[in-house]
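Let's start with one chain on its own, the form predicted on its own, as structure tokens.
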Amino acid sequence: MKLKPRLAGVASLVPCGSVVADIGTDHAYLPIHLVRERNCPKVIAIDKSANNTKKAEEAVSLSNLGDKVEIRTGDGLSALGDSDGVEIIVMAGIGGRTICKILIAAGKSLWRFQRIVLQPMGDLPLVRRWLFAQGFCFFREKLAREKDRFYEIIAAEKGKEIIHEPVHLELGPHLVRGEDPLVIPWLKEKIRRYEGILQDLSRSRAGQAGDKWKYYDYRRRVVREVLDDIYKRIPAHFLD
């Protein structure tokens, strides 16, 4: 089963041969891929929707992987126990605020996992700030692109993270280094989006004197500075 770029990016950050729990599994495409392509001996696929778990069961049955992919209906990490032996947690395609709520609800049990792989659908800075405050480091980060949309993927592990600038929690300490092949178009898209918002706000009653305009202008300038810094550090032939 070939995954689309978003889930393929998530799968690439799951260590081969690890026991995984996929929270919010939907159709269980990711668990099936992890067993087949990442040699994961066991994947627990969890979704709080009974309709989704039924679809997941059908997909797993068609793939003849019922002995390695276990489907559970449950809410977040509460569906797991110590005896499951899960090493890696995956949450992909879930809102950032929901991810934070799931992680908070897990409490101290969160520390038994080796790695958490997250692909939030929004509120990335909120997720990063929470992980940083709780003592996680950003082991790896990467970008995926499907059509005109970019997705940020985070692999977090226990450890101390050094954050030099606030922008690192907004854009990602690994991504601002400029090493990901999608980082430049991703930043350019952010700038275009902010410029569109600023144009709309300029036509409002408050205009450029309004707090919203100042806020988005600040965000545009910050992203522009990161992009300019990447252009300075990366050899020109890598940008062609």
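Note that residue numbering begins at 1 and tracks the sequence as displayed. Bear in mind the structure is a predicted one, so any value in this text is a computation, not a measurement.
This protein has a second form, the form predicted together with a small molecule, left out of what is shown; the following refers to that one.
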Consider Lys48 of the chain shown here, and say whether it contacts the small molecule in the predicted bound form, taking contact as heavy atoms within 4.5 Å.
-> yes
Classify Asp180 as contacting or not contacting the small molecule in the predicted bound form by the rule of any non-hydrogen atom within 4.5 angstroms, answering yes or no.
-> no
Answer with yes or no whether Gly96 is in contact with the small molecule in the predicted bound form, where contact means some heavy atom within 4.5 Å.
-> no
Contact flag, Asp75 vs the small molecule in the predicted bound form, heavy atom cut 4.5 Å | yes
Counting only non-hydrogen atoms, the one stretch of 126 to 134, 155 to 163, 108 to 116, 88 to 96 within 4.5 angstroms of the small molecule in the predicted bound form is 88 to 96
Using a 4.5 Å cut on heavy atoms, which of Val167, Leu80, Leu143, Ile102 is close to the small molecule in the predicted bound form?
-> Ile102
